[in-house]
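Consider the single chain below, provided in structure tokens and representing the form predicted alone.
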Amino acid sequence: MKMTPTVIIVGILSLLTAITLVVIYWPYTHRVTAPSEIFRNRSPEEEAGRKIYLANGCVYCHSQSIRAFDWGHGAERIAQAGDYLGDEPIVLGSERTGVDLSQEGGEHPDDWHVAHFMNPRNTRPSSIMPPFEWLGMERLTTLTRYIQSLGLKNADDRMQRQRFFKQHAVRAFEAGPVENVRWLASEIPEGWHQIPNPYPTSEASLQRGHKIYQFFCIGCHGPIGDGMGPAQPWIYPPPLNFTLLKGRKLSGGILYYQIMNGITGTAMPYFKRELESQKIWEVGNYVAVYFINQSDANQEPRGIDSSWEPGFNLKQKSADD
């Protein structure tokens, strides 16, 4: 075939037509129109919060799509096309500089989000997200309403749980320190009360615990563990003052459980998906040693020490056997 101008133009138009059919027309005619099982329409306040989210470029750092191979924050449900029927435009995002937010609703209570938007370093000391205090409390509250809707019906269930336990947490806090500590302990399964910290207290382990505390805890609990970190003004009930636990019998298992599982209804999040087991034990031991003045680390009952732990006495172990 001779490459004449007519042939070139017809070829280009044919190619553009094929691309249009495959990329635009075919997906449009086969788009999902049925809502998913979690879909619901957003309230006017949630829609207003979505506009604030879009206007401030949140989509540039946060995606809203859980993929089949994700196993992180909010990854309890794979995203489906029917989740997004109410979104125009859909803000899936392409970067995960920050966490994915598609199931963020109810992961934290409202006051945590307000403290986070005021300055993300309040709640996540290593965050690179810019502060949004300049938006003002009214717009931050509206933005929070949108964030708490992400996950739709699933988010509603989580928010119901947050509100339920927040009532108990506030009641316990307002009843005084003794009742507050009693309530916190009562919500931990009994078996955890009997488990000592399985790792020995060493200079290295306390340094590791200190680093983890600075990365995850200092914004709420403060540098001396008194609950007066920079997030405190926006959080109620306020972060736990660890020094109130001095003189109380407190196992490493209690600290581990609360760090791992968080305290739903309060601003204390769970860390079971961010921190490996040893890191939770070591930051718990750091809190116990420096703020509570006690530690049951590496005490009985004990099993087989981990391979890296120092101080193994073969003769003593043989005699015990």
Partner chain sequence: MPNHGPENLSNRNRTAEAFTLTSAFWFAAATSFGLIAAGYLIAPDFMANIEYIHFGRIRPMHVNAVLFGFVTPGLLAAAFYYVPRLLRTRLFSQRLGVFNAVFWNITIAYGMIAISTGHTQAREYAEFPWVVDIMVVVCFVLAVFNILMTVRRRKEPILYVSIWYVCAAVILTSITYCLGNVIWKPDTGALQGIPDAIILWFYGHNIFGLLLTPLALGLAYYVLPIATRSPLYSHTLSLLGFWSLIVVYTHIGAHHLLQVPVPTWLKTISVVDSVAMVIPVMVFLINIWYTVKGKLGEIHSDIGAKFVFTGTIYYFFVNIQGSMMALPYVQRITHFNNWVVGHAHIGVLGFAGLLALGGLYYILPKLTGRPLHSRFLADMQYWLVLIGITGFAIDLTTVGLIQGNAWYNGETVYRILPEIHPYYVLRASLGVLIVIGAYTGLYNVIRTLYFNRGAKS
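Positions refer to the first chain, counted from 1. Keep in mind it's a predicted model, so treat the numbers as computed, not measured.
What follows is about the form predicted together with the partner chain, which we do not show.
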- Which single stretch, out of 190 to 198, 161 to 169, 95 to 103, 231 to 239, brings residue heavy atoms within 4.5 Å of the partner chain in the predicted complex? 95 to 103
- Note on the structure: Checking Gly247, Gly176, Pro223, Pro89 against the partner chain in the predicted complex, the residue with a non-hydrogen atom inside 4.5 angstroms turns out to be Pro89
- Answer key, the partner chain contact in the predicted complex at 4.5 Å (heavy atoms) among Ser63, Gln258, Thr264, Ser295: the residue is Ser63
- Answer yes or no: in the predicted complex, does the partner chain come within 4.5 Å of a heavy atom in every one of Tyr28, Arg67 and Phe216? yes
- Query: Even though the partner chain is not shown here, does Asn56 get within 4.5 Å of it in the predicted complex, heavy atoms only?
  - Reply: yes
- So in the predicted complex, does any heavy atom of Arg40 sit within 4.5 Å of the partner chain? no
- Item | Residue contact check: Gly227 to the partner chain in the predicted complex, 4.5 Å heavy atom | no
- Query: Would Met129 sit within 4.5 Å of the partner chain in the predicted complex, counting heavy atoms only?
  - Reply: yes
